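Take a look at this single chain in C-alpha cells; it is the form predicted alone.
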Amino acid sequence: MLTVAVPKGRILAKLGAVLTRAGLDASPLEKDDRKLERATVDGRVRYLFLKPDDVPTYVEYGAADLGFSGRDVLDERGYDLYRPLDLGVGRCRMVVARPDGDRTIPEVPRVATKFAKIAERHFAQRGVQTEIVYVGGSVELAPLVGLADLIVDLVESGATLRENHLHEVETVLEVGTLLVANRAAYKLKAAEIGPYVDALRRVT
C-alpha cells in the first residue's frame, strides 16, 4: 500500500480536483468525516490527513511515502525530501512589506515573520542586517503597533496588506504546492510510486 500525507484545510479540495483529473481515486479526500486515515476503494493508497506543517515530517521520517506540501514550509525547515513535481495549485507569494507613507526604516530593521529562516537568508543575501522577530499569526499588525519595521509574509491578492496600510516591497519566494517523496521509498517503492507520480505529471 502506498501512503500519502495530505494537508487538511483549504487546499484539500484543490488537491482532490488534481487527483481526479489525473485519473486517481480522490474519494478519500472528499469524505466529510473526522477520520485521519482513509484508504481508496481498491486499497492501494492510504491517505493521512495532517496539519500542513506536519506533512513533510511524516514523509521525511518514512511514516508516509509521498506528501503534498507548500514550498514555504519546505524551504523554512530544510527537509531532506525529493521534490518530483510542482502541482501548480495554492499559488501565492512570500513578500517583504512595509507601512504606507514616508515612515523611516532604520539601518537595522526589525522584521516580523513566521518564516524566520527564509527571511534571514533573504536579507543576508542582500547584505542587509536585520533583527528577526518570530510571530505565528496576524503578522500585518506588527508594524502598526511598533513591534516591527517590516514584515515577511504570504500574500495572494494583497488585500490584507492594503487593509492594514502596508504595501509590498519585493518578492522573496513564489510559493505553490509540491509533491514530495521520502528518498528511500522513492527507490524501494518505485513500482507503486512511479505510476502515481506519472499520472499527476500528465495533468500539471
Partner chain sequence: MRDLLPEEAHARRSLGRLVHERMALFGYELVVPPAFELAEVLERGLGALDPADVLRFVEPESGEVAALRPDMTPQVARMIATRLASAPPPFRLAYEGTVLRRRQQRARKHRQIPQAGLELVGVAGPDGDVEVLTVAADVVRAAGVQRFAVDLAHAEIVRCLLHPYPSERGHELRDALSVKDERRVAALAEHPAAPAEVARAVTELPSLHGGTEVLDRARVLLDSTPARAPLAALAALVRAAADAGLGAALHVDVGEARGFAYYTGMMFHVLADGPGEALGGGGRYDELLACFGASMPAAGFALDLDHLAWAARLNGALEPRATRVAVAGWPALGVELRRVGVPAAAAPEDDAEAWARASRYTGLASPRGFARFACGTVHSLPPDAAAAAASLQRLLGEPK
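Computed from a predicted structure; not experimentally measured. Residue numbers count along the first chain shown, from 1.
This next part talks about the form predicted in complex with its partner chain, which is not shown.
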Heavy atom contact within 4.5 Å of its partner chain in the predicted complex, the stretch among 158-166, 44-52, 133-141, 59-67: 59-67
Partner proximity in the predicted complex: residue 8 to its partner chain, non-hydrogen atom cutoff 4.5 Å: no
Heavy atom of residue 122 within 4.5 Å of its partner chain in the predicted complex: no
Contact flag, residue 80 vs its partner chain in the predicted complex, heavy atom cut 4.5 Å: yes
4.5 angstroms heavy atom contact with its partner chain in the predicted complex for residue 85: yes
